[in-house]
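One chain comes next, on its own, written as structure tokens: the form predicted on its own.
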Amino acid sequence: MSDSRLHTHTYDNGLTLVAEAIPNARAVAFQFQIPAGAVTDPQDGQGACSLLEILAYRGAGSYTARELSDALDSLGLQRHGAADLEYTTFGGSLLREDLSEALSLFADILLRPHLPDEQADTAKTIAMQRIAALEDNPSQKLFVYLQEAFFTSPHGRSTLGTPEGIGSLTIERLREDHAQRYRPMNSILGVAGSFDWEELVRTVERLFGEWAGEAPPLPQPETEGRKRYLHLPKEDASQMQIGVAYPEIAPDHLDFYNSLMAVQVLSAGMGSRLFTEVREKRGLVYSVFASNRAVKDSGLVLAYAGTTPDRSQDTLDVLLAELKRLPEGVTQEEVDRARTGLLSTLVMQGESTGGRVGALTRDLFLRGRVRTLDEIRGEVERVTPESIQRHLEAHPPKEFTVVTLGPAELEVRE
């Protein structure tokens, strides 16, 4: 890496430390990315990653649950993290002088959690409540089922797990699962903000150097044989939720920013195509957007529209028509607007320790290397209407998976 603010170090046990100094920052953010996500949950124990993330804070090392909570609070730690599809994250933001002590606490949380018997039922209740809450959030429920319909590999699983999976998990099984998946090989620790690099390398070696082992490998994402249309009936709903997914290139593809900018043309701001064509001109929806999503070695685009039942078929027709129209070409004005939006996001991310640390770990995981902000800016600025069109001609939006939720079953007219 040419940027003197970026540093990486891989330890003998396979843990990779990646850090970026942010000038004038007094705070620092850190994030552990552990290869224990929904895709490697036991087939009959889906939800294990979620339960382990909850239980990890219920006492660890020499700390009881209350003592651990107090120790974290005493550092002023703004905690973040969650079980995700391919990994689980743990971390937070705090003042730089407290980083070493925070890392010591997280060494206990990750390596020496108590996983106490008496907390298992409480953790299960929390996990079940998260699943039940989907019924009160129809758009979130839609995307859970859209992901399941799109992938035929375990990437279609919900990070929340299933009621059956969570119900089947005993504390003994969770302890065995932790021993198998909470391993340093392919784990990442990201740090962004203010720190002393040499001291940080030594601290992590001292705290995590004896950690050993390798987690089970990630499955490859697969979509062959996926569903093309799924309707989730909800007869009493006054709204229709429409979700669309289609394949795109992976984040490490050389053409990735052409893909990203094309979706920005569709969905970045009030001048974007979906907002203009679906909402403003026709008044079909109260919400519409599209976004790129990625898993390791694969990508996809998700689109969403929220509307009323009587307008739902027209909404789906127009939404698909706009997606299919994209390869006909984009204008310089659209590209300039999309570029401005992306660069604004990039600048704001670069000024946020929390935002930047998440980008560091995702970059290393998805692309195998970390890019500087200047490198990303250069890739964004190189995109032209012609390069987007070349990409879309080679990778046109097609083979849509559509999921609808509400009272009306729709027809997918491709």
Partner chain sequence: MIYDRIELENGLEVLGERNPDAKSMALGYFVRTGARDETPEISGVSHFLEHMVFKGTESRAPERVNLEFDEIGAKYNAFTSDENTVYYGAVLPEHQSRLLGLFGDLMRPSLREEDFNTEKKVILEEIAMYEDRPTFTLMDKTQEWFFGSHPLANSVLGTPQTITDLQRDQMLAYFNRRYAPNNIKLVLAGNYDWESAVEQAREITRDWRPDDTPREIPGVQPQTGVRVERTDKFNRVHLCWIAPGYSEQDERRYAADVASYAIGARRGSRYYWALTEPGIADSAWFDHYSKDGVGMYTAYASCDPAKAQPVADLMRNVLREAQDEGLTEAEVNGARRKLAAGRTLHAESPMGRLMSVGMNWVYRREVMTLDDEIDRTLAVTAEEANAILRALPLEQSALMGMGPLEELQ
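Just so it is clear, the model here is predicted, and its values are computed rather than measured. Rigid core (definition): largest C-alpha set, two forms, superposition within 1.5 Å. Numbering follows the first chain given and starts at 1.
Beyond what is shown, the protein has a form predicted in complex with the partner chain; the following relates to that form.
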When you measure heavy atoms, are 122, 344 and 348 every one within 4.5 angstroms of the partner chain in the predicted complex?
yes
Checked 173, 293, 79, 202 for heavy atoms within 4.5 Å of the partner chain in the predicted complex; positive is 79
Answer option from 337, 112, 253, 228, heavy atom within 4.5 Å of the partner chain in the predicted complex
337
Tell me, please, which stretch of 385-393, 360-368, 43-51, 61-69 lies within 4.5 angstroms of the partner chain in the predicted complex when heavy atoms are compared?
61-69
Is the gap between residue 271 and the partner chain in the predicted complex 4.5 Å or less for some heavy atom pair?
yes
Quick one: is residue 321 in contact with the partner chain in the predicted complex, heavy atoms, 4.5 Å cut-off?
no
4.5 Å heavy atom contact, residue 188 to the partner chain in the predicted complex
no
Is it the case that residue 332, even though its partner is missing from this view, gets within 4.5 Å of the partner chain in the predicted complex, heavy atoms only?
no
Who in 292-318 is close to the partner chain in the predicted complex, meaning a heavy atom within 4.5 Å?
306, 307, 308, 311
Superpose on the rigid core, then tell me if the C-alpha of residue 235 is displaced by 2 angstroms or more between the shown form and the other one.
yes
